[in-house]
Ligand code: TYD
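Shown next as structure tokens: one chain only, the form predicted alone.
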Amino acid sequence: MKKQRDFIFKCTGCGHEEPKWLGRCPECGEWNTLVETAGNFAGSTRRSGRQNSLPPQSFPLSTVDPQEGTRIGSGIGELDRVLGGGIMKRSAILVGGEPGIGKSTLLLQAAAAVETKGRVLYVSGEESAGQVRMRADRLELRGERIEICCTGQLEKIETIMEAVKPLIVMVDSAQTLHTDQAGMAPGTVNQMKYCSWELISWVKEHDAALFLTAHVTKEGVISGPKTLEHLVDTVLYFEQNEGDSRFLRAAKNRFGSVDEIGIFTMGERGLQPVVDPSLLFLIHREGGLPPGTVIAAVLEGSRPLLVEIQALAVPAKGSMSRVFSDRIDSARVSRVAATLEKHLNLRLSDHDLYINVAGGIRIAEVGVELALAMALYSARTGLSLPTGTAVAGELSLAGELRPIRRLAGRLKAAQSLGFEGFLGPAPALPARLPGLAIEPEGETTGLRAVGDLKSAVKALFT
């Protein structure tokens, strides 16, 4: 048998191992990074023993217990909405956001409110136990079921998990995890990948769930290796506007939709779910709407929202006109402006266009296009839209209005907030086939249906 060495040479940058010293690491190409370390064969036995304790087996899908796919309620309705109905067992969830946005607060509130009788382990690598307790007291949270450990060393965390057997594990944050198995320098790319994979493997084997927080770069993406997002099942991003509103979005979700959005407000009692989000995005005015302002009925996931679209058109300061829009895709704004210029002979190519959404929410749904077109027309001509009218519809390049999803739900949301008028496309009907009974899509009383861009302008401004 080949004799095992008592020591190895490991790269401090990428964690690559070599049996002898080299001046340059063959993996990452860095010079003088290989250092002599003890060969930890016990750790290798631990990892391989966990993977090879049982021989590989296959079994019919029909024999799988359906209860393995049940979810655990987090106790926070907006978080459950974004996750697809609750916390899935044997899943790993990565939460990213800017510093101070509320990632730790969200995890602590979920740890105290999760709907389970099992234990919750809160691992803090950035704060002490006293600091976490002060936050819990300020938020008036009960922590009888919460076990806390303040360390970032992987071996200590795994020892505690084996002793406590938690149902939910929350780690704050992934950048603080480290182990000697992944190199001498903590915080490297290899450290994050190795430690995260070990924790994910543990929760999948013990029928638990894992929450990981992560910092973001100045571009707004999660810092560290992109592999970290591939390892987890769900990636959530925390965003905020200029005020106290917080938006939780799913960039990846293996167990639900990525179209849902959770809306919170940050206050003295922490993150509070918003019951009626439309009240955050509408400005109550005693007079009429100013030119360039339109109320749009958009769809965020399965929830209809009413938001205020604001547009401003001013003569271009240079030879090239520009579009300034950070809440709606600037390419969509340019396409809608080109459609207006083509079919209504409305000159916009020599104007700078400014687009804003009141409340700071980002809109990516196609149903906002008709409202965006009406806002641009109103801003360019100086004509105001009638008060008490909401607008929704998808606009084609030919100037036609296409049917949109859940038109009846948008109309109902507008009526519940006191809007008497609603302008949009006609609801889609299935094709007439022999023997097929056509059922109405829903109650559409109050809808003023138009078929193209000219008809919409005529209905609102004449």
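Just so you know, these numbers come straight off a predicted model, no measurement behind them. Numbers for residues come from their place in the sequence shown, where the first is 1.
Beyond what is shown, the protein has a form predicted in complex with the named molecule; the following relates to that form.
Put simply, of S74, N253, T105, S245 only one has a heavy atom within 4.5 Å of the named molecule in the model of the complex, and it is T105. Contact with the named molecule in the model of the complex, judged by any heavy atom within 4.5 Å, is made by just one of R138, H230, K117, R285: R138. Residues placing heavy atoms within 4.5 Å of the named molecule in the model of the complex fall in a single listed stretch, namely 91-99, out of 195-203, 91-99, 327-335, 75-83. Though the partner is left out of this view, G270 does reach within 4.5 Å of the named molecule in the model of the complex, counting heavy atoms only. Heavy atoms of A113 never reach within 4.5 Å of the named molecule in the model of the complex, leaving it off the interface. Among residues of the shown chain, M266 is one whose heavy atoms approach the named molecule to within 4.5 Å in the model of the complex.
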